[in-house]
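Starting off, we have a lone chain in the form predicted alone, written out as structure tokens.
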């Protein structure tokens, strides 16, 4: 699907479909008024069949005086309450309707609506991302005859040509591709998306965009002393992989930002076995690694002026005769020892070695992304990801980027008071701190391995995938990470 920016008048736009907005109480947007006037009141005459509630739609065909074949009316809700969420919902509803139409091209006269104090570039990015999300589907593994691809191949956003808007369009298209990659990896089952598969995907990205890549094997991790990472992988028949993908878009002198993504391709809980209900969703436990690969791909595709290193420790957490046992003590890459009280708290074990490894790059900042704790889902639900950081300036950067991307986070405490919960009688620390403040103590565990770093941790356990009828990966937080890195490079 191609997106373009072109100044159009809705009544004269020659397209398979034009999309215009209508607020509740029959209040027409400027584009809808133009269509209504040109069609001699056809829009207002049809409003009895449209509620105007956000996301409601009504298709009109063959309106007199209108060049487009079809006009899609989309409800925007109350005008006084129209804001970011309503804008995104309206675009998604329009995209869902367009997917069923069969029109080859469309002009989206929602994109130029005023959304609070947001600049037009924000509208462009959100319109592209919301449309691409609505058109995403994952049916590669179904054997029945696939339905034909949606006919829509071209979407025009009706703005006057502008270099900033063109830049936003390029960024959004690359971000959507990166998010789609993260979704595809997340949606693949664990028998296909193994640690080796993730490493091969990283190699494909490296070849396509001429990036640097290293993939450490088990013997390399043993030589380095990654005892925590290896303790998780011990019982799996799938060999662990430690993926390092390097994108350099800002020159050699600029220090990199390192992204570290948790890559547990399936999490049974190990000896501390999870309940069987919904355990299939533990294929999504590699969503942090998937988001890192998707982000690096997006940045490389848009030739972003940043230096980024993506690190993805990947393995399975399985039970078996070689599995780690509760009570085992392992030595991490940092030299600190950990008593494993619960083998289902494995994500922090692979991340702690990856965070220590990241020090060698002398990074400007390190951000890890992980489906780390169910406690974060309890705290924040499925709307916001949890944010923890040992550097408030870095945390503020991420929070602002998250708001800009509308891929939101909520900052949680990382106080030393919580460290007492990780006390162990037999090692430097335990890998769990009990039920109270579970997401906080998990972050506090990681903080012990980042004292030399400007570091932030994003817990995406509640936002990386959806359950129920719409089960599937969301591709989050690729939009957040891309915005953070671009803003960090001065592109706001």
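None of the values given here were measured: they were computed from a predicted structure. Positions refer to the first chain, counted from 1.
The same protein also has a form predicted together with a small molecule, omitted here; what follows describes it.
285 is the sole member of 368, 316, 285, 353 with a non-hydrogen atom within 4.5 Å of the small molecule in the predicted complex. 375 is the sole member of 375, 306, 244, 271 with a non-hydrogen atom lying within 4.5 angstroms of the small molecule in the predicted complex. Not displayed here, the small molecule is approached by residue 461 to within 4.5 Å at the level of heavy atoms in the predicted complex. A residue is said to contact a partner when one of its heavy atoms sits within 4.5 Å of a partner heavy atom; residue 449 fails this definition for the small molecule in the predicted complex, lying far away.
Put simply, residue 394 is far from the small molecule in the predicted complex: not one heavy atom of it is within 4.5 Å.
At the 4.5 Å threshold, heavy atoms of residue 346 reach the small molecule in the predicted complex. Against the small molecule in the predicted complex, the set 262, 342 and 432 is in full contact: each member has a heavy atom within 4.5 Å. Residues with any non-hydrogen atom within 4.5 angstroms of the small molecule in the predicted complex fall in just one of 55 to 63, 461 to 469, 421 to 429, 31 to 39: 461 to 469.
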